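As structure tokens, one chain now follows by itself in the form predicted on its own.
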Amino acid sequence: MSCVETIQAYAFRSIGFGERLLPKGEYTLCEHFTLIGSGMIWNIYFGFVALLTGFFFAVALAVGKNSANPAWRKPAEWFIFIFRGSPLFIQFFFAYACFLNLKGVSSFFDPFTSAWLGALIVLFCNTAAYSGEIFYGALLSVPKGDIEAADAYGMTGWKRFRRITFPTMMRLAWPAYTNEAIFLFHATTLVFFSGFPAWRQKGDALYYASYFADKTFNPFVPYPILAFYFILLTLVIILLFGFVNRQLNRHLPQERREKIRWRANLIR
């Protein structure tokens, strides 16, 4: 099978299109790159959907934690504490066990035991908790002078939050939030090790990298390819978030503009 035929056969195998059986035999570099790249579709899906939905929940958590009303503040504080205080890997296993028990109660929970929904919910909660703490810190750092100026112009409530507080909070939080986005996409590889099964071998990038490593007894080919794909994905995230960061800071003098500095999350 030529490389072009391999790409046609396996490029979208992870989502159910193409050859049903995994390759056997020589395991060429083209097969490595194609199948691991196919699995990246799932990693991008998990990261993109969790980041998009988690963003709005994170803003709500930050506002709730900053509220003077304990009915809003305490649930937000405990949610952030629980999901930041426990390892993501353990959260996957607890969630799967919980969904599995609920599945026995009602068929409504059947999709929750699948990775596409169950693992996504865990990633959503985890990134919302971390992002919520980032936004909360930025919310506390909003200059009081900005709030006082808004009050002087008669802005209160939602209008003040939408036009003054929220844009300033985003501008202050965006560099740290970029690091959270990068880590979230890296954390999607943990789905393979969690209890959520890969249905009909439709796994993520690490699933296929592990397949090649097991078959060839040589992890030094598939895992560097996996790292290569994630480096490319990280560069794309930095470029996209860097563009947003420039838009958020475009009204400031050049010397006062926050620059995004990527830092690895060594401990989570």
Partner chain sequence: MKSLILGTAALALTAGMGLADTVRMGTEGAYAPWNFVNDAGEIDGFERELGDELCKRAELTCEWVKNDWDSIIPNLVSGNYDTIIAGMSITDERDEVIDFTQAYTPPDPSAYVALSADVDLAGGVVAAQATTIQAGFIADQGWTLVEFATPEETVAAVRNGEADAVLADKSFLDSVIGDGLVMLERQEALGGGVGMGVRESDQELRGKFDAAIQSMKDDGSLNALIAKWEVSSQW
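This one's a predicted model, so the numbers in the text were calculated from it and none came from an experiment. Residue numbers count along the first chain shown, from 1.
Below, we refer to the form predicted together with the partner chain, which is not included among the displayed structures.
Visitor: Can you work out which of C125, A150, A138, A198 has a heavy atom no more than 4.5 Å from the partner chain in the model of the complex?
Guide: The residue from C125, A150, A138, A198 that makes the contact is A198.
Visitor: Heavy atom within 4.5 Å of the partner chain in the model of the complex: which of F241, Y211, F57, F33?
Guide: It is Y211 that has a heavy atom within 4.5 Å of the partner.
Visitor: Although the partner isn't part of this model, could you tell me whether P219 comes within 4.5 Å of the partner chain in the model of the complex, counting any heavy atom of the residue?
Guide: Residue-level check for P219: yes, a contact with the partner chain.
Visitor: R250: heavy atom within 4.5 Å of the partner chain in the model of the complex?
Guide: No, R250 stays farther than 4.5 Å from the partner chain in the model of the complex.
Visitor: Does any part of T168 reach within 4.5 Å of the partner chain in the model of the complex? Heavy atoms only, please.
Guide: Because no heavy atom of T168 falls inside 4.5 Å of the partner chain in the model of the complex, the answer is no.
Visitor: For R20, is any heavy atom within 4.5 Å of the partner chain in the model of the complex, or not?
Guide: Heavy-atom contact with the partner chain at 4.5 Å: present for R20.
Visitor: Could you tell me if all three of K24, K103 and Y207 have a heavy atom no more than 4.5 Å from the partner chain in the model of the complex?
Guide: Spot residues vs the partner chain: full contact, yes.
Visitor: When the partner chain is placed as it is in the model of the complex, which of 116-124, 190-198, 152-160, 68-76 ends up with heavy atoms within 4.5 Å of it?
Guide: Only one stretch qualifies here: 190-198.
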